[in-house]
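First, one chain by itself in structure tokens, the form predicted on its own.
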Amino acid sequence: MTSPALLPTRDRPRRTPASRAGEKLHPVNEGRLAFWLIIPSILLLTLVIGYPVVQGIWRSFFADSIDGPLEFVGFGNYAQALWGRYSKEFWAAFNVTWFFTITTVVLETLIGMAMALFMNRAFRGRGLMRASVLVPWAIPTAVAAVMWRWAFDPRGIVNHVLGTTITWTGMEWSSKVAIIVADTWKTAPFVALLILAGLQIIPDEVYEAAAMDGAGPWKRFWHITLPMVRPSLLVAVLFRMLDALRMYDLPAIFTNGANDTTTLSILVVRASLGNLQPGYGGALSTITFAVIFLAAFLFVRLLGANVVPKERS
């Protein structure tokens, strides 16, 4: 039988689109195609993110002078922030940032887990419930901050419901409580949806088998739900931690950083734009970036390793 490759061109069997669709690309061609597909995204990220980051780092090594030639000061701006003239306000903002981060992430994780467990149950109107949960998260942070600032006004609905006359944004701890409540209200649904996605992949048969073995609700949650939802839970906590470490909108709109509510992001904006200190502001932004990067790295190394069990060969 004659090979199709040896037949004349007109007698060779034609390759239909269907046959070509089933063919796999050579690995080299796949890699080249993937490279050209991601080039636009890399260029866009370089322009939008990479250039400002590099510019901020470069500017942090020079003095704050705006007019005239730049004076190279090395790590002088970093020294001023960490142990020099501005160290007191820096470490105060550092502590406030971590206080907000730890408090809000813990509250949002607990509330988000409870909401996810409730939405995972079968009941009438479950779809509407899941859709309505997205509303607080979909509202822009600035809009939510203004709304909650009105609610925490001395004549607002919060005092009306509680029967108090507290000036929530006029004192240190009441300001912090108001910011924490607003942030938890807005982003707990986001955590709930991520955890709910992990709950959806747990087979019902596992719970049925555990119930037949005599495991109660708490044991089923501790030994089945929590371990199997761990990957989604860690992703939710990581996302929220990174978002909380760069918190700016809520405290800026609530108090403008007053009453010991100045975060690192507020300090960066205040130094760079308010006080016209581009060198010191660049150092602060670089330190903030390093803090967030280190926190994410340690989180992934300590808690995120081997989240998904490896398949056995």
Partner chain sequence: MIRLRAFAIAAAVALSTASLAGCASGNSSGSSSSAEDGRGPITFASGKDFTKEMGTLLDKWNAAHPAEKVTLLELAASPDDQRTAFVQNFQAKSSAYDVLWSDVVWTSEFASHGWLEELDPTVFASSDIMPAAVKSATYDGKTWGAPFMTNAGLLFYRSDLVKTPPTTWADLFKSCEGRPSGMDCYAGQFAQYEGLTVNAAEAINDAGGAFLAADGKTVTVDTPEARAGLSVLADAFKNGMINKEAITYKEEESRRAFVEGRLMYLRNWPYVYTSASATDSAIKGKFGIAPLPGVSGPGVSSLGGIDLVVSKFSRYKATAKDFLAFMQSEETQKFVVSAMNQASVRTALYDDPDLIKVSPYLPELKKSLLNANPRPVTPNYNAVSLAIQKNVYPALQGSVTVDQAITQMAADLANAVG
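Computed from a predicted model, the values in this text were never measured in an experiment. Residue numbers count along the first chain shown, from 1. Basically, rigid core = biggest C-alpha set you can superpose within 1.5 Å across the two forms.
The same protein also has a form predicted together with the partner chain, omitted here; what follows describes it.
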Subject >> Contact of residue 88 with the partner chain in the predicted bound form (heavy atom, 4.5 Å) >> reply: yes
Original post:
Would residue 255 count as touching the partner chain in the predicted bound form under a 4.5 Å heavy atom rule?
Top reply: yes
**OP:** Report yes if any heavy atom of residue 82 sits within 4.5 Å of a heavy atom of the partner chain in the predicted bound form; otherwise report no.
**Re:** no
Original post:
So in the predicted bound form, does residue 35 come within 4.5 Å of the partner chain, heavy atom to heavy atom?
Top reply: yes
Original post:
For 268-296: residues with a non-hydrogen atom within 4.5 angstroms of the partner chain in the predicted bound form?
Top reply: 270, 273, 274, 275, 276
Subject >> Core fit, then residue 258 C-alpha moves 2 Å or more between the shown form and the other one >> reply: no
Subject >> Shift of residue 57 between the shown form and the other one at or above 2 Å (CA, core fit) >> reply: no
